[in-house]
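In the block that follows, a single chain appears as structure tokens, in the form predicted on its own.
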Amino acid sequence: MEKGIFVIGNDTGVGKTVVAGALAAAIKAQGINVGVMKPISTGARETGGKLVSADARYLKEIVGSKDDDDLVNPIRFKPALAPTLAARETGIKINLDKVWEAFKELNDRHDFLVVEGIGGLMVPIDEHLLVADMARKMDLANIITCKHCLGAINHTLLTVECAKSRNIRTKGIVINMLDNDKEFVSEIEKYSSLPILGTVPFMKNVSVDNCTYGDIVEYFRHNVNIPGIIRRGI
């Protein structure tokens, strides 16, 4: 069995949080002890005197996680910017030791860990590392989330090539908000040479900001290749 997965997007706003949360909950439904993590978040809101990430809250809620917020989301910024830009704007230095310590703790607590990245693989997270470096250091299988929209084929194939060039193992692709376009799916599968792990339609009752997930977990259980994601190897 894999020890976890790293969910990355081919772009921003493609539904990584929705996909990561549904994957985690569907894997938990297999009787596996699953943890969730959003190492770095931006665009957090101040609630009760502390910054809270809607993405991290969604991940915790959908799986019923009891892990502390500082473990699930050790670094968070208020400005909705790339991490390096958010750090400069706020004058707060990014301390990645918090991420590695939280990752180790969550790995020790859980049998399977679903980690949601921030943006795409080439997003800088500090002055030296990119999200791709974080994914590789965590040594988790990568799952690419893409959204059905113009430009998605190019962005997805670029993400696949980036992962290959940096020796990041990719299990496959989840296509989100698909509007019944089989040709779009076949093009991505053909040129990426990766399996399409599942396709997900737009669901009106799913919202990260409102922390609602409707029946998306049940949909993932029956329409996404959960056994293939869990099983070790590509």
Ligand SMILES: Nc1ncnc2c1ncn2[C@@H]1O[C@H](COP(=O)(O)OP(=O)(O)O)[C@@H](O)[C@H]1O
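What you see is a predicted model, and the numbers here were worked out from it, not measured in a lab. When you see a residue number, it is the position in the sequence shown, counting from 1.
Same protein, other form: the form predicted together with this ligand, not shown, and the subject of what follows.
**Student:** With the cut-off set at 4.5 Å between non-hydrogen atoms, does Val14 touch this ligand in the predicted complex?
**Tutor:** Contact with this ligand, yes.
**Student:** In the predicted complex, is there a heavy atom of this ligand that lies within 4.5 Å of any heavy atom of Val208, even though the partner is absent here?
**Tutor:** Contact check for Val208: yes, within 4.5 Å of this ligand in the predicted complex.
**Student:** Given that the partner is absent here, does Pro201 sit within 4.5 Å of this ligand in the predicted complex, heavy atoms only?
**Tutor:** Looking in the predicted complex, residue contacts with this ligand include Pro201, since a heavy atom lies within 4.5 Å.
**Student:** Is Leu23 close enough to touch this ligand in the predicted complex, meaning at least one heavy atom pair within 4.5 Å?
**Tutor:** Contact check for Leu23: no, nothing within 4.5 Å of this ligand in the predicted complex.
**Student:** Can you pick out, from Met177, Val52, Ala29, Val185, the residue that has a heavy atom within 4.5 Å of this ligand in the predicted complex?
**Tutor:** Contact check passes for Met177.
**Student:** Taking 4.5 angstroms as the heavy atom distance cut-off, pick the stretch from 42 to 50, 186 to 194, 169 to 177, 63 to 71 that is near this ligand in the predicted complex.
**Tutor:** Partner-contacting stretch among the options: 169 to 177.
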